[in-house]
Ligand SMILES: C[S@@+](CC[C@H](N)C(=O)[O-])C[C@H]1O[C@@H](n2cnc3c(N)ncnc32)[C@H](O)[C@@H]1O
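Shown here is one chain on its own, the form predicted alone, set out as structure tokens.
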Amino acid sequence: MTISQLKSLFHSELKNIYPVNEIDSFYHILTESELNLSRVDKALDPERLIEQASELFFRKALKELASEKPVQHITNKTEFYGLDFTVNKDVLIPRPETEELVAWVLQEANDRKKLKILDIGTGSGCIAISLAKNLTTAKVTAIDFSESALKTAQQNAKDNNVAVDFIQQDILKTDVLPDIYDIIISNPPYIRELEKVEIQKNVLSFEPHSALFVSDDNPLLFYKKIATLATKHLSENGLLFFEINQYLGKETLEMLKTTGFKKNELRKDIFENDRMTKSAISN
């Protein structure tokens, strides 16, 4: 099979499931991963032959894509904030909206030195590692209840050559955090059960539900717990950042206000959805 024939195969096998641009994206991601070929390489040599072992890989990958398995779970990697991360069934695939949250934190932290930062519910470690990479004098700690997620995060920190202190801890069962922090950040579970109908199959069937869903009757469970802990474990000018449920922006702000945060800001993401908050105890 040649490169050009492979591209045609991707489109014929997936045309009834995905739009053309997404199929092209899958094709380029997988050929770069398996064959180490850039778009230019493929354009210059479309009749290049693919070895049998690689052809078997692509045929298997096409079956997995047809089942709506995320392409990141086929390559076991993704990019976040310019860094490469390993991802698997134990962690969420980082989203572009979360990159916006990291950018906001970096903007606020730009003129601060020797910060102590805590990431709660770290998953793949994408937030903690991106902050550690860009704030070289900061001490970054990350918490997650999942041992398997922490193993993935630890490997990602090693691969990106940063130091992050990882702790296995269930935040809902936590009464005291390890230290006083200048920044606490979290992207906790926030999708209500009633919103499952909006979730694509590639997320619903392949990503960890414990990192995604909360009950309909207590959707701010994690936010309330983290905010309460933050009131006792933020430094004098410390900041609390959340990624939030787009439908619960006002409710999240109200919860933060009643918990004791006097200065709260709600910000939209690139898709114009309410997506993140920044809070401070003092005005």
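Note that the coordinates shown come from a computational prediction; the quantities given were computed from them, not determined experimentally. Numbering starts at 1 and follows the sequence shown.
Only in words, not in the display: the form predicted together with this ligand, which the text now covers.
Which residue among Gln169, Asn88, Thr75, Gln154 has a heavy atom within 4.5 angstroms of this ligand in the predicted complex?
None of the others qualify; the residue that does is Gln169.
Assess the spot marked by Cys126, Ser146 and Pro188: is this ligand within 4.5 Å of a heavy atom from every one of these residues in the predicted complex?
Yes, all three are in contact.
Using a 4.5 Å heavy atom cut-off, which stretch among 155-163, 175-183, 114-122, 133-141 contacts this ligand in the predicted complex?
Result of the contact check: 114-122.
Evaluate Tyr27 for contact with this ligand in the predicted complex, applying a 4.5 angstroms cut-off between non-hydrogen atoms, and reply yes or no.
Outside the cut-off, so no.
Residue-level contact is defined here as any heavy atom of the residue lying within 4.5 Å of this ligand in the predicted complex; does Leu92 satisfy this criterion?
It does: once this ligand is placed as it appears in the predicted complex, Leu92 has a heavy atom within 4.5 Å of it.
Answer for Phe58 alone: is it within 4.5 Å of this ligand in the predicted complex, judged on heavy atom distances?
Because no heavy atom of Phe58 falls inside 4.5 Å of this ligand in the predicted complex, the answer is no.
Although the partner isn't part of this model, could you tell me whether Phe241 comes within 4.5 Å of this ligand in the predicted complex, counting any heavy atom of the residue?
Output for Phe241 is no: heavy atoms all beyond 4.5 Å of this ligand.
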